[in-house]
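The chain below stands alone, shown as structure tokens; this is the form predicted on its own.
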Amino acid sequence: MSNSIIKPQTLRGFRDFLPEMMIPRLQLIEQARTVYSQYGFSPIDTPALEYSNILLGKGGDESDKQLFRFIDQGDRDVAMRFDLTVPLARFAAQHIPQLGTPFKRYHIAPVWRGERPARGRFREFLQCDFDTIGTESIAADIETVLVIHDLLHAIGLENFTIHVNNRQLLNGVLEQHGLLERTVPLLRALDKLPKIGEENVIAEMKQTAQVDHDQAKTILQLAALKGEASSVLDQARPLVADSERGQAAIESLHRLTQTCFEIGITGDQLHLDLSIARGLDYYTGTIFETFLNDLPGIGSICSGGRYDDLAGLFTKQKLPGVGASLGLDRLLAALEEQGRLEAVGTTSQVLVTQFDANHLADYQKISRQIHRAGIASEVYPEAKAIGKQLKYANKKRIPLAIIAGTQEFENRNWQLKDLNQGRQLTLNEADLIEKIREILSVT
């Protein structure tokens, strides 16, 4: 056997999560679960691996290139899911007779893409999806906006904007100019507008879709429209005057934006943006992208849209869908960059120090009483010097410590030390839990 030590390292684009990052990560997951559940979305799960033909060709050439794909031990051609929407279409095709429609689900799970790692972008990341399957009603699109809005508010974010567009409006412009059959390469190029700029988008359109310069400029004319939602739509109408799908998309966007404004969503947090296209091929209608206004370079933190034909690849039953996904790891990176993540190393709020090893049962007993009060607590495992034990508490950001030695056990008292304030109280057992509650509620 070799005595050489293997270098401990993670793969590029993958990460270990230490407690100080994993704790807020789990808190965000719980906030997402709570909001999704409030709107009636039910949890599901699907396998990390799918047959490759389930995933291939659904998101476009780029998604296909980014698949982690291999032949497994059963000689099956399989791939790791690159998102949670394509597996949902397969899931719905299999199980919708049992589930019925409309079916509302949320799914919080990792996905994998072999793309170049960058700021806020990883090869393994967690998505927090919610979707409604089985209805074409604009009510489901409106609800998607409301869920995104309420989710970000629940997380504590205020300075964000949900950008909304409709793929059929973009298609209407292409239809009016006889370019509908070139939709896929043109919209893929348009989706890169914020990243590479207008001239580079035009160059890509000319190369991949074989359009001329004037045709490319015409497509970008729609993307350049700015202003309030009603004004932008008025400006867009002449660009799709001869396209039924384009006119229908304008009416859909008008109803969506005006309904959201009536409900109370402000124009600062819902913005009609005719430049967004969403790079995945399966979108057919409304599309969403959400940006943090004070960190625009981090990219969209919550995106999605309507995909009315995706499940049709797996079943003859019509199963239109709409939804969005919170990019949780990208959001965590943004919150970390803003200094908004609380540095904590444990979930414990109380450390029961061990002054005398002969009283281990007493220490564990009081810790269990604290647990029954719904407060996280732990007993230090060794009877070391109190200074070392308190140093451990400070490092882990545990706010309270309980200390008891021979004298305290004789008097049935406990010393409660507030490590944030530096004060220490002597309390009998009956008052201890209430005082812990009081201090923690203040801090």
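Keep in mind it's a predicted model, so treat the numbers as computed, not measured. Throughout, we count residues from 1 along the sequence that is shown.
Not on display, but discussed next: the form predicted in complex with the RNA.
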Practice task
Determine which one of 370-378, 45-53, 58-66, 24-32 lies within 4.5 Å of the RNA in the model of the complex, judging by heavy atom distances; exactly one does.
Solution key: 58-66
Exercise for the section: Name the single residue among Ser303, Ser275, Thr257, Gln168 that comes within 4.5 Å of the RNA in the model of the complex, judging by heavy atoms. Expected result: Ser303
Practice task
Sort through Phe103, Phe91, Phe125, Tyr106 and report the residue having a heavy atom within 4.5 Å of the RNA in the model of the complex.
Solution key: Phe125
Handout entry: 4.5 Å heavy atom contact with the RNA in the model of the complex for all of Lys7, Arg113 and Gln424
Key = yes
Exercise for the section: May I ask you to state whether His213 is within 4.5 Å of the RNA in the model of the complex, using heavy atom distances? Expected result: no
Problem - is_contact(Gly405, the RNA) in the model of the complex, heavy atom dist at most 4.5 Å - result: yes
Practice task
Classify Gly40 as contacting or not contacting the RNA in the model of the complex by the rule of any non-hydrogen atom within 4.5 angstroms, answering yes or no.
Solution key: no
Problem - Close approach of Gly134 to the RNA in the model of the complex, 4.5 Å, heavy atom - result: no
Problem - Within 4.5 Å of the RNA in the model of the complex: residues from 380-417 (heavy atom criterion) - result: Ile386, Gly387, Lys388, Leu390, Lys391, Asn394, Lys395, Ile403, Gly405, Thr406, Gln407, Glu408, Gln415, Lys417
